[in-house]
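Given next, in structure tokens, is a single chain: the form predicted on its own.
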């Protein structure tokens, strides 16, 4: 980064916007070329705000309302292959309807950025937040990141483009925003200047992978057993490199914008002297932090670790951090039917990450807040008490559901 770029005058503005609107503003700042839309709650608030920006002449892009979520993702997939910076998104069953397109996107090395307005998967019908929709692509080569406020949503969208479009990575990235709690909640957000964004985010360049008549290449070939394993390994290598690229990009973000997120992969809150910690993702951080402040006044040393990037998963780094505590409680806003110990996805991943570690504290898991049900302060206190009991050696079920009706 040149010194001139670093000395760009700060021309930030502040706006009262929702998490969804923050993502739309990021699309404007990133000068996205092609945006597709298909309405489904709670993601549809993004496309509505994008449409407003286009109508007002604030955003110049190809804005295409598709006839389905599947078509929506297919359009941007091919536009990206032809050199366009793209954006799209969905929620819940809409995300699942696009699954064929989502499956092939990583192996085609398409660095699209998408937003998932996290929502429960039907049936029974529910519009409230769960994380199973986004987590469905966790094994396919999608980078996955969770945010917990509108400012982080805007910043992470810019970061996601920089990471995804890095030639060492070229993998799609899904930004997960909890439905209603983040997508529809307003907050004051600092909006950076276009000059700073341009200094941070270069134009998208596919190089020799550009689909163009002057560059005759094959996209989505039928490889079968001849080359499939090699293609899978190349995709896996890109995900491995993503870990390093993410660190580089966050350092550049802090240098240019003056905002630091510390460890890119997970946030630690009140962990310095904590006896036990809770671990979770997304906006449940809000009631958890409130409860922790309350419990600390009562002398209970509880901390919180909020996962940001789920793919790539910072296993060694997380294991080193969590090994400091007497016990670790994992809060899943998802579920994995038939999983080991009937646990949620996050708990299973954290336990796997801890397995090679010499320091493995007890790790009880909790299923909580499904379908948009509130995760309350009393819920958090109850989970903390259970984790304390595990730290004291009291036998605990490895998975407990919190907040169920009696």
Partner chain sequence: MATLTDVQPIPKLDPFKGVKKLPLEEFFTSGHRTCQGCESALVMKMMAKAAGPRTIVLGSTGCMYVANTTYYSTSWVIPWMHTQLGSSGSAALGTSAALKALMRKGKMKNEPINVIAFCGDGGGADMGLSAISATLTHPDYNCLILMYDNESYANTDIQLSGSTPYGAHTTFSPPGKMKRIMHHRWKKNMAGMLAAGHPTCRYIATMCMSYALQGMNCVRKALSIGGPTFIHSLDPCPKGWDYDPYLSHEMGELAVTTGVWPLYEVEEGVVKLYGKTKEIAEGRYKRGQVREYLLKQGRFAHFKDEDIDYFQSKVDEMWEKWLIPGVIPFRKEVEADSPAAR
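Here the structure is a predicted model, which means the values were calculated and not measured. Numbering follows the first chain given and starts at 1.
The discussion below concerns the form predicted together with the partner chain, not included here.
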Item to complete: May I ask you to state whether residue 51 is within 4.5 Å of the partner chain in the predicted bound form, using heavy atom distances?
Response: no
Practice prompt. Look up in the predicted bound form whether residue 34 has a non-hydrogen atom within 4.5 angstroms of the partner chain, and give yes or no.
Written response: yes
Worksheet entry | 4.5 angstroms heavy atom contact with the partner chain in the predicted bound form for residue 221 | yes
Practice prompt. Indicate whether residue 232 is a 4.5 Å heavy atom neighbour of the partner chain in the predicted bound form.
Written response: no
Worksheet entry | Proximity to the partner chain in the predicted bound form, single hit among 315, 239, 93, 211 (heavy atom within 4.5 Å) | 211
Worksheet item: the partner chain isn't shown here, but in the predicted bound form which of 121, 82, 187, 286 has a heavy atom within 4.5 Å of it?
Response: 82
Worksheet item: Which single stretch, out of 187-195, 174-182, 261-269, 222-230, brings residue heavy atoms within 4.5 Å of the partner chain in the predicted bound form?
Response: 222-230
Worksheet item: From first to last in sequence, which residues of 283-316 have any non-hydrogen atom within 4.5 angstroms of the partner chain in the predicted bound form?
Response: none
